[in-house]
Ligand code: BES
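In structure tokens, the next block holds one chain alone, the form predicted on its own.
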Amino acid sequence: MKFLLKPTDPSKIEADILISFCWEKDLSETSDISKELSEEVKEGAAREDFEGKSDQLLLLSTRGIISAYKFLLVGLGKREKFDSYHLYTAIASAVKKSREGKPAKIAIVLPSEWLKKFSTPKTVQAVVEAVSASLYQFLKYKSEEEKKKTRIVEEVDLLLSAGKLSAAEEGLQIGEIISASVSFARDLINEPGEVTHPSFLAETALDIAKASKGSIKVKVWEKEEIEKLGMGSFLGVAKGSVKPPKFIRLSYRPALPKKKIVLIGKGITFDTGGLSIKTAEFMETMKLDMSGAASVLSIFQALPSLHPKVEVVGLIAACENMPAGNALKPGDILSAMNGKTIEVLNTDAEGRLTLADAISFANMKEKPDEIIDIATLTGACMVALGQEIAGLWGNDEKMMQDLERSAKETCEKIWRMPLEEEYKELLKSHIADIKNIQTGKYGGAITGALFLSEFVGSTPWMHLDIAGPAYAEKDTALAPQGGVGFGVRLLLHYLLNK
């Protein structure tokens, strides 16, 4: 699929479908495309009770009035309530509706008010990201017969005035780079666990470095080297699998970096729960447990093209969590890289054990200005926030405010959660420094974050629990069922804003 910027008169653009927008109870802008089309819109709106409210869609055959075969009018709701989130969802909903007609070419009229409100580059970038997210498909394992039933959108034309083309080009380029990275993350998550084992993630990191032509550096530690680092917590999780663990470090360093930021992605390539085994229902989608690692790898794929002014290090402790005769047992004691001992009472609370060593490595070896971890950590976070919102914890107010601003820009929803110090009592162990699950059944997302904070020290740090939004259980406007690539756009925007 290719995006093209065109100053073409919308009435003359040849496309399978032309998408335009209107505010609530204001259909006047369609007259700028064609007065005759405007009359058709008024008649159609009256018949279908279309008022331009948010999420309302009006699809019409143009009957040759304009060059496009069909016309889709998208309601935006009230002007004063329109923000970045509504921009993303309006575009995505429109594209999803357009796909019902299996178009090869889509044209989108960009409202001048959007360009003024958000700036031309940011508007075009958001549109490209939303279109790409909505059109994503994972067809690798479909038969040729099934693939033939799926018509691929080949071209998307973005229509705006000629005077805006230069500024729009910048937004188009950034949007395409970020969109490609989101698709890359989705591909990784959608692959079966037999493909995305730890060695595969390591090979993927090396491929990213090779493609970057020197911009990205990668080092991979094997099991013996991980043992020498003292990562007993990470290795405890890996014990039950025949697949060897890998500790992966990626790095990007521009000239004169302003800061050093470490991104840590949870890399459990398949999670059975270990000896605390999951039920079949909850194990079905556990290939997604490396979604944090997929996001970090995809971010590094984009960094050489986006040129952020900060040094970025990515860390992934990759392994499987499997039951076996030599697997980690409830009651075992592990020793993390920073020397802290952990009583393991539930082997299905394994992600925090691998992250403990990755965070310790970041503090002890990297000396960063900031640490951000992203992980499908707890089902409890989904109970609290549902499937579309990630939980945010941290120890630095400015970092969290900056990330919240990026979330508003990217339409990736996060919600700040409490790092309640009093709840640390629930993690106290009578035979080790800390245990890996809390006493009692409540507050699991908070105590998961508190567990990680034990390895952070005084470094500014944020934790993103993406258990909900990492994987779409059903099709949405911005993502088909499967891996979402949550956090790629959010963290890339965060790094670029630095």
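One rule holds for the numbers: they count along the sequence shown, beginning at 1. Every value quoted in this text rests on a predicted model; they were computed, and no experiment measured them.
Keep in mind that the form predicted together with the ligand is missing from the display, and what follows is about it.
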item	value
is_contact(residue 467, the ligand) in the model of the complex, heavy atom dist at most 4.5 Å	yes
Residue contact check: residue 406 to the ligand in the model of the complex, 4.5 Å heavy atom	no
4.5 angstroms heavy atom contact with the ligand in the model of the complex for residue 343	no
The ligand contact at residue 271 in the model of the complex, heavy atom, 4.5 Å	yes
Whether 233, 318 and 357 all lie within 4.5 angstroms of the ligand in the model of the complex by heavy atom	no
Candidate stretches 197 to 205, 287 to 295, 327 to 335, 310 to 318, one within 4.5 Å of the ligand in the model of the complex by heavy atom	287 to 295
Sole residue of 86, 278, 217, 78 within 4.5 Å of the ligand in the model of the complex, by heavy atom	278
Position in contact with the ligand when the complex is considered in the model of the complex, options 251, 120, 378, 134, heavy atoms within 4.5 Å	378
Sequence-ordered list of residues in 252 to 268 near the ligand in the model of the complex, where near means a heavy atom within 4.5 Å	266
